[in-house]
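We begin with a single chain expressed as structure tokens, specifically the form predicted alone.
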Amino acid sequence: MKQVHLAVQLPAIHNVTVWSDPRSESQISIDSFIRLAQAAERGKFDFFFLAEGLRLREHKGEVYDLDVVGRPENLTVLAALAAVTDRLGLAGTVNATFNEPYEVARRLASLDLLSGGRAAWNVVTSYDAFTGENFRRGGFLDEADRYTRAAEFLRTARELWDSWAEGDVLADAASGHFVREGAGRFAHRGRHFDIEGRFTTPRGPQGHPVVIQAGESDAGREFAASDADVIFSKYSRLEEARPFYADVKSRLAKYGRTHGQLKIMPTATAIVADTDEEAVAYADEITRAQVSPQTAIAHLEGVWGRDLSGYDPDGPLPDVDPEPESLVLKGHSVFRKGREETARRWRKLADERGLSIRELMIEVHGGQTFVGSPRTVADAIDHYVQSDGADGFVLVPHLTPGGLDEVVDRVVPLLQEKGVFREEYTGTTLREHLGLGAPTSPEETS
């Protein structure tokens, strides 16, 4: 049987987090990060993940505060968590469009050293001038260049990590030599980066931090197959997930890689209660809190590109057409492409099923992945993995910081009982948790 891999994400973006719930605590306090990370480590999870956006989203020109707004920088938080966890992997999003390889490689190598080999990097790109305004005037890349820059960015970072070999730190008091000659020397010549110098940070326990990617396009899938160790997937329905899984895994061979060298992990939710019936009722309550009347209208405005505040969220869709060139909700990637086609699809679905605006938004943006008693949820997770829909899941709790406790305390023991999830960590690094081999150098994959 395949082993299930589990991770947890503290979202703090999108409308998953129900920050208005009385049980919700601070979204930025170090205590919240620590409690969620330690719950994941208690459950023997592979890693703790922080997503990140580089600009506060805006709705009609104002900060979009229906979601959580603002959070400390990812790698700073993960470095703090390295001191209060022992085995849990520490993964963070770092943008390859508005950063430079030397700086990012150094920060990630430092995290890997400080954590004893638990660092991971979710490589993302940015597409819009709206985000670029925070960094440089008119500063953003054409979409065709995003993945070419990201691929070269990652290749350059790997060259920097490889500039130090194991044993380069001599610290030989007798000879007076601290490092081996040539340690840290690098030179990269490419389309996007032309740099030369000496890298400051010795090789970490993993050699390279684990690389995570989340692209759904053909270029994104190819990038993952060639360079990623983990790919996040949006497919939470098995009938959609299996073709994606098969497609991405089939691309590995051309890069000399095996199926086990890339883990596919969709984001998912798990709603657990004593009985299936109680869980279904609780899941409905959570979904309606996530898609509030205000959120439903805002999401519809994101596609329609116009002010719809005069419409009843419990009434029918607007009879006006979308304005495809107008942006009401900025910085939200879900609403940036194919909006006219999305509007047509939503109208068709609403007409066929008689859905109100809010009901439609719940249908397309809400809903929970795994719902039921602990046994029902454990069986569903296991079935999904054994059916080649995924290698595991990144669970996204709706509450911070206590939203993972039910899964850790009630579902994980049943997965362990099935023999599909570890009872104890058997390694010390994230690569070992994920069953990944040693990283390959750029020369080996070129």
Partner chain sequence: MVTLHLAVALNDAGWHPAAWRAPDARPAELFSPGYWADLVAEAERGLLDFVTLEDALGQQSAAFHRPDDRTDQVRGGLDAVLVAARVAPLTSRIGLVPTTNVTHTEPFHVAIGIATLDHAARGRAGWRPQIASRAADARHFGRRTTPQLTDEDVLSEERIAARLRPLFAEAADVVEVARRLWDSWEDDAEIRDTATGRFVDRAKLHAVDFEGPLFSVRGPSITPRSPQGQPLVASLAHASTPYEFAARASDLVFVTPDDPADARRILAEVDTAVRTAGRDLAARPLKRFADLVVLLDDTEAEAVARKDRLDTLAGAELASDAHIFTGTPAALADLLLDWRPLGFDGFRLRPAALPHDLEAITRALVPELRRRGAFRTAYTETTLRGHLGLTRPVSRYARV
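Just so it is clear, the structure is predicted and the values come from calculations on it, not from any experiment. Positions refer to the first chain, counted from 1.
Quick note: we don't show the form predicted in complex with its partner chain, though the next part is all about it.
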Quiz item: Looking in the model of the complex, is its partner chain within 4.5 Å of a heavy atom from each of N99, L113 and S175?
Solution: yes
Quiz item: Hey, of 307-315, 199-207, 263-271, 360-368, which bit sits against its partner chain in the model of the complex at 4.5 Å between non-hydrogen atoms?
Solution: 199-207
Quiz item: Does D31 make contact with its partner chain in the model of the complex, using a 4.5 Å heavy atom cut-off?
Solution: yes
Self-check item: Contact flag, V248 vs its partner chain in the model of the complex, heavy atom cut 4.5 Å
Solution: no
Self-check item: 4.5 Å heavy atom contact, Y425 and its partner chain in the model of the complex
Solution: no
Practice problem: Find out whether any non-hydrogen atom of R155 is located within 4.5 angstroms of its partner chain in the model of the complex, and reply yes or no. | Solution: no
Quiz prompt | in the model of the complex, the residue from V123, V77, A298, I231 that sits within 4.5 Å of its partner chain by heavy atoms | solution = V77
Practice problem: Could you work out which of E73, E239, E340, E277 is the residue within 4.5 angstroms of its partner chain in the model of the complex, going by heavy atoms? | Solution: E73
Quiz item: Can you name the residues of 285-320 that have a non-hydrogen atom within 4.5 angstroms of its partner chain in the model of the complex?
Solution: Q294
